[in-house]
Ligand SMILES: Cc1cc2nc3c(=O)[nH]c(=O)nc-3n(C[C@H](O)[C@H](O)[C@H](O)COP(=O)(O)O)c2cc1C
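Here you get one chain, nothing else, as structure tokens; it is the form predicted on its own.
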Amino acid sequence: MKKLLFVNSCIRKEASRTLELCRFYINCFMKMQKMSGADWETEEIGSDILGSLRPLDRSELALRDSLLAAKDFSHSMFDQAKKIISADHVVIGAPYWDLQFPALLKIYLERCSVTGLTFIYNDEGIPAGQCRADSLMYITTSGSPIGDMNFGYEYVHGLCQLFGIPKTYFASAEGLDIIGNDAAKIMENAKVKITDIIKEIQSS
């Protein structure tokens, strides 16, 4: 059975417009997989779980370094890295905050970035990603246009290259809080784009 890993950093939970798009994406993705005869399951890492993760401090860094030196990955600090490695498709839902995303998502990604797990170095010192997922979908919403300041997606895209996830996709609903804009129409247009992306993923 294949696994879709949903990293849900939508702090407003069900009131989140980003989460609305994520739920739409996952529902459509799973329906299309079922129609094709594929067997998938979904695992969600919610904002409650993400909020329980602490930034790596001096003592934890020392512990992690000692564990990595011993090639001992049994500690719970490596749990998130193991989950993203084992996923076949990853979905990240992240509202557009401060030109990027909520801080709890950064902490999660920091926890996933582990030498010897999500990536290794070859004899020439070149990193090789160890994740089995062939794609990642990044979904966001914003009150204003994002334009060329899409630093959250660009950061995740860069990590995917490090982790060995070859394809990344992006969908957004932007300008939702601008007076005069039809927010409902913007959301519907984003769902159309999401449907097109799912079809592209399915055909690739």
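Small disclaimer: the values here were computed from a predicted structure and weren't measured. Start at 1 with the first residue shown and count on from there.
Same protein, other form: the form predicted in complex with this ligand, not shown, and the subject of what follows.
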| message | Within 4.5 Å, heavy atoms only: does R12 come near this ligand in the predicted bound form? | response | yes
| task | Flag L176 as yes or no: does it have a non-hydrogen atom within 4.5 angstroms of any non-hydrogen atom of this ligand in the predicted bound form? | result | yes
| request: Consider Y96 of the chain shown here, and say whether it contacts this ligand in the predicted bound form, taking contact as heavy atoms within 4.5 Å. | output: yes
| task | Using the partner position in the predicted bound form, report whether G143 sits within 4.5 Å of this ligand, counting heavy atoms only. | result | yes
| query | Just one of 71-79, 130-138, 88-96, 117-125 has heavy atoms within 4.5 Å of this ligand in the predicted bound form; which? | reply | 88-96
